[in-house]
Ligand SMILES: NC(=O)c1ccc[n+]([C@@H]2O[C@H](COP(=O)([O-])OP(=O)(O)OC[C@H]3O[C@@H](n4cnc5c(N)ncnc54)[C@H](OP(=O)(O)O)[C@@H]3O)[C@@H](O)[C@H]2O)c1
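Below you'll find only one chain, the form predicted alone, shown as structure tokens.
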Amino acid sequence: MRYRKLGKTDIQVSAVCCGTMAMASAGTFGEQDDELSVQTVHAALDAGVNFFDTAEGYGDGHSTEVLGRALGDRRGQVVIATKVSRQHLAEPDLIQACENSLRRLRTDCIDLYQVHWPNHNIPFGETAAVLEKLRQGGKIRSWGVSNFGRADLSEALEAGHPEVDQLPYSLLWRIVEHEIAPICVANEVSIICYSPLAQGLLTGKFARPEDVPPERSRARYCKEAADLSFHVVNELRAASEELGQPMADLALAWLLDRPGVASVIAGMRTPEQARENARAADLELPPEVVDRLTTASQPLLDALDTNPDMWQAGENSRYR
């Protein structure tokens, strides 16, 4: 397992992060048995994963509670990242949200506390001041942001130093490379990638656009450029067969080669998935394969606009 530094901190995290959204037992992923989630966390730990990402918004805190229970006396081995919801960014709400997360996680300090989405009704300077107060008080070790576009990230950098920006990033969704990634690289803000396997498309689970179920076809690469998206999928499949490595491993390894990327969040629902996803951290792709996949995905990147919101276009975009 490879480990990388978060932002300007001394915090070292595994290149593959265990995503716990599916452990909330709700939404797209369906019901999840809590005991299976506990076993999955243990398998991830045994495979070298030390980075776990959750949020108070996942199952109204249920995912966070399961993670806290699963870590138990192994808490000292891990880096916990959680996220505060956009409606809790005013000072009293943010302080209470942090306390709630600490209680659910069964810990006295959160390693990385992220703002889940911007709230444009509250100046970020006010939020940053509270985050710094929490850091200085020992409630959190560091703070970051998630889903912050060019303008929002620039505002956050004026108010302090977010250590990460958690963003949707994959071979099928490289939009962050236009404006956000350069700001991150220039300011030592680590990129944490979510949806790195494009909701299963990059695992080879679906052979054609029409095979993608409705709940997984809402992403704009499916709606606006399905044929180009599957050109990338098919090129990834061909490279996978030539190297004798799973498609998912190649997709994650390609992301880990991108500038500014510290870790990729892979959703894990079973111990087997945990072991499989952890394995990808040790795969280093030959330069020619990296170039091949980058070239194959370039037409898709060119066909899409520069809006980083993976689900909502135009005036409905939540990014700025």
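Residue numbers run from 1 along the displayed sequence. This structure is a prediction, so every number in the text was calculated from the model and none was measured.
The same protein also exists as the form predicted in complex with the ligand; that form is not shown, yet it is the one meant from here on.
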To test your reading of this chain, name the stretch in 72-80, 141-149, 155-163, 178-186 whose heavy atoms come within 4.5 Å of the ligand in the predicted bound form.
141-149
Can any non-hydrogen atom of residue 21 be found within 4.5 angstroms of the ligand in the predicted bound form?
yes
With a cut-off of 4.5 Å between heavy atoms, is residue 59 one of the residues that contacts the ligand in the predicted bound form?
no
Residue 200: heavy atom within 4.5 Å of the ligand in the predicted bound form?
yes
With the partner left out here, check for me: in the predicted bound form, does some heavy atom of residue 34 sit within 4.5 Å of the ligand?
no
Does the trio 53, 269 and 277 actually contact the ligand in the predicted bound form, every residue with a heavy atom within 4.5 Å?
yes
With the ligand left out of view, choose which of 97, 110, 248, 239 has a non-hydrogen atom within 4.5 angstroms of it in the predicted bound form.
248
In the predicted bound form, which of the listed residues (104, 174, 116, 88) lies with a heavy atom within 4.5 Å of the ligand?
116
